[in-house]
Each structure stands twice: as structure tokens, then as C-alpha cells.
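Next up: a single chain in C-alpha cells, the form predicted alone.
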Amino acid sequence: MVENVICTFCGSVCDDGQFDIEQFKSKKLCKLGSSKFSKKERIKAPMIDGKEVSYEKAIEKAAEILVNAKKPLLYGWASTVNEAIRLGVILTEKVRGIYDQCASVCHAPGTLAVIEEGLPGGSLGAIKNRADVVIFWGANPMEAHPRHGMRYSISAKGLLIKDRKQRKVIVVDVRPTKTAKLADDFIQIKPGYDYPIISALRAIISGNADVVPDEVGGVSKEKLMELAETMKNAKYGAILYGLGVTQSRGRDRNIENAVKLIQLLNRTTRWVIWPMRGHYNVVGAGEVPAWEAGYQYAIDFSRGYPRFSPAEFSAVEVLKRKDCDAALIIASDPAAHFPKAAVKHLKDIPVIQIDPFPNMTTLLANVVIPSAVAGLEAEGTAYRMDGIPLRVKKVVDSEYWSDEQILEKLLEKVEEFKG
């Protein structure tokens, strides 16, 4: 039995798993993590146009596609390790392509808000030990991050918070969720009214309650006054927000407004705000290119230097505009999640896929390169959703190459072709 296995499914990156090598079975992980660490259908071998080939042949073909493209898109990265992402950024610059990652269709508006306002954040450990009020806003961790509540935010026992009775949990959402059923208070709001509700809370907390109407976004003024009072009286509070905020009307402005609310509260008490990130290393998919090029996503290297413009260089916009002539997709499945117009162009250009598991993108990929599962068959470094770096382990041996190994060889081959 291998102890302290680190799960590589969601952004919680739980580090207390167990894995029975003889039975090939994980313990202590949630259903989502257990599913990833189980025997399931895999891409059996590297393929070119559906025919099985060696890793070397597939990588050579992939390099040929990237070198011959005028502007390739290199997309995904949220479910692989930092070492692979670093090579991916270098490769993108080498082929003068576009680097984009999964956050561009989920939490990227929060990144824009942080650029404008900063982020009054704290670690999950601090929330576990200190938070007496936790607000989940547009987030449903009981289904997306099943062990988050137990380990950090709902029933977690910490240094100062000894049991569930000492922590008030509030859910703000447009509909009742599984997390709302565990909360002390559920506040249902109208879809798209996050911004005015946050503004009303800021007005009340700053002593201007008289300008707040009797009802805002489906929430009565009385209820908003009660919520504001709870927030002011918290010793350590945390807003943990999800896609219900970043992908609703207002997007990055919602987060900017929420950060200003936290800044206001921090004049008299202590509050933090943090996104509930989805894929296990989506933070690394943003942080690593930020080290290398200064930006977290939607980076265009076609002029030989990095340019950042989310409205122009995000993967969906590039594909809809038909502004790329090849694509490398790693650890992602855009064919299943992107808009129809974007997928249509993906079908019309050469596509390289690197992934442990078959998915919709496999069906349209010209070159398919199977990879080892990080955290189970390959090691590396990943950032937890609060930015804490963790070293994921290699637990079992595998015939599959790691993402890092594949990208290293691909980069070497591209450099060889370019001379």
C-alpha cells in the first residue's frame, strides 16, 4: 500500500490518498479521484491517421505538422504537470504559435480582475484553521470538489475552529445545490445579478444602506442587511467563488467588485477571496507561462514575442476566426466543450492530441500520442487551487511515456527540423 498519494483530478489536489498496487485500487479518495486512479479505457498506442505507430514516428509527424504550420494553436495544459507546461510554453514560442489553457473558458475572468485589483487571498490551511464564516458563491464543491468541505471549508476541524458548530457556511447561488443542503443559510439570487448584489453589500457595509432598494436580484434588503452583518462580525471569513460568478453577466467585473467588497471588510476584520479551480493543475497552466512570458493565457507568439489579448487570442476566438492552421491539444477535450463553430475549424486542420484517455478530440486528431497518468504513472509538480505547490508521485510503472518526456522529444525534433 502506497501512502500519501496525491490525487490529480480536481483543484483540491488531496494529498492523503492510498493506493493498493496489488489490487490496483485507491482508498480515501472521492469518487472522482478514484475513477481516475482505476483501470479504465486508455489510448492503447500512438497513432497517425488511425494506424498504430511508435512513439518516435508519432512525435516526428507531430513536429512536422507544427513546423509546417504558420500559426499553430497549443491548447489544454490544466491536467498535466508544471514540467510539461514549461516545455509547452517553450515549444509554442519556438513554432510561433498561440498558447492557451482551459481557464480561458472558465476562471480566466478572475485573472483579469486580479490584474486590476489584486487578490486578498489565503491558503486552504488558513481557511481550515481560522474561518468562522465561509461563503460559497456560485460554487458547488460537494459535486465538483467532493472532499473540499471535509478537508478545508465546511466540516473541517482546525486550530481555532474546533467543530462544525463554530463555522457558519452560506451558499449564494441561482438554484439549490448539494452544497446548499449542508449550508446554514442559502441565499437564492436571480441569474446575472451577482454584481448588483455585491454592490448592495458594499453600500450597506460602508454605511450607505439608505441607497439600497427593498429588493436586489431577488434578495430582500432585510436579507442583505443580515448577510452584511454576518460578514462584518466574522473573525476570519472566506468567499470561495465558482463559475457561477465568472461565467455569468459581469464576468471579470463581478470578481473586481467582490475583491473591493473584501478590501472594505478588511478595514475592520479579516476576509479572503479565492476561486474554486477545477482541473488539478489549472493554476500551473497559468503560473508557468507567467514565469516564462509574463501572461497566464491567450498568448500569441506569432511575431516572435508574447502578446496577450483574451478577446483575440483565446482558443475559442482563434478557432472561430480560423486564425490557426494546426493544433496541439494536451490533457483537454475541446471537441466536447467548445462552441460548434470552433470545433468545426478544429476538424478542418491537422490536430495532434496528447492524453492518457480517449475522448471526443481523439476522433478528429490526426496524430494521437498516449501519455502516462500524472500522479499514478508519472511524477511532477502541480499547484493546488490556492497556489501551494505539491510534488505528485509516480506510484506504478507504465509503458506509457510521460507528458514531459513526449514534449521534450517533440521540442528536440522541432529544433532539428527548424535547423
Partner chain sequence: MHHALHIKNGIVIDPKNGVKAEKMDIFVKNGKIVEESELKGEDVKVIDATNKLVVAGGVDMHAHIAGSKMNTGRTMRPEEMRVVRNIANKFRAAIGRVLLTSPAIGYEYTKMGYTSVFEAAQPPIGALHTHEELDAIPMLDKAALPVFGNWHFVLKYVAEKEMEKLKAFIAWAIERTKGFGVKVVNPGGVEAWMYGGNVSSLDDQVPGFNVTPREIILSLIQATEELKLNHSVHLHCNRLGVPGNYETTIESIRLASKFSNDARQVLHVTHVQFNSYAGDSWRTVASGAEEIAKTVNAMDNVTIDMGQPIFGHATAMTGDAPFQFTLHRLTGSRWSNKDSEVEGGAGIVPIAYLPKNPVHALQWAIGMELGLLTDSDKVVLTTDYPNGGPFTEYPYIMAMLMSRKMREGELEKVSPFVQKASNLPAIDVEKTLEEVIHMTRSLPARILGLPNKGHLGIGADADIAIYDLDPLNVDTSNDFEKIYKTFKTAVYTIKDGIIVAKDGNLVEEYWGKTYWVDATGRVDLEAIKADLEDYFRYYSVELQNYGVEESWLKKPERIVI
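Everything numeric in this text was worked out from a predicted model, so none of it was measured. Numbering follows the first chain given and starts at 1.
Same protein, other form: the form predicted together with the partner chain, not shown, and the subject of what follows.
Residues with any non-hydrogen atom within 4.5 angstroms of the partner chain in the model of the complex fall in just one of 306 to 314, 201 to 209, 322 to 330, 216 to 224: 306 to 314. At the 4.5 Å threshold, heavy atoms of residue 122 reach the partner chain in the model of the complex. Not displayed here, the partner chain is approached by residue 94 to within 4.5 Å at the level of heavy atoms in the model of the complex. At a distance threshold of 4.5 angstroms between non-hydrogen atoms, residue 274 is in contact with the partner chain in the model of the complex.
Using a 4.5 angstroms threshold between heavy atoms, residue 150 stays clear of the partner chain in the model of the complex. Taking 71, 164, 86, 232 one by one, only a single residue has any non-hydrogen atom within 4.5 Å of the partner chain in the model of the complex, and it is 86. If you take 388 to 404 and check each residue for a heavy atom within 4.5 Å of the partner chain in the model of the complex, you get 388, 389, 390, 391, 393, in sequence order.
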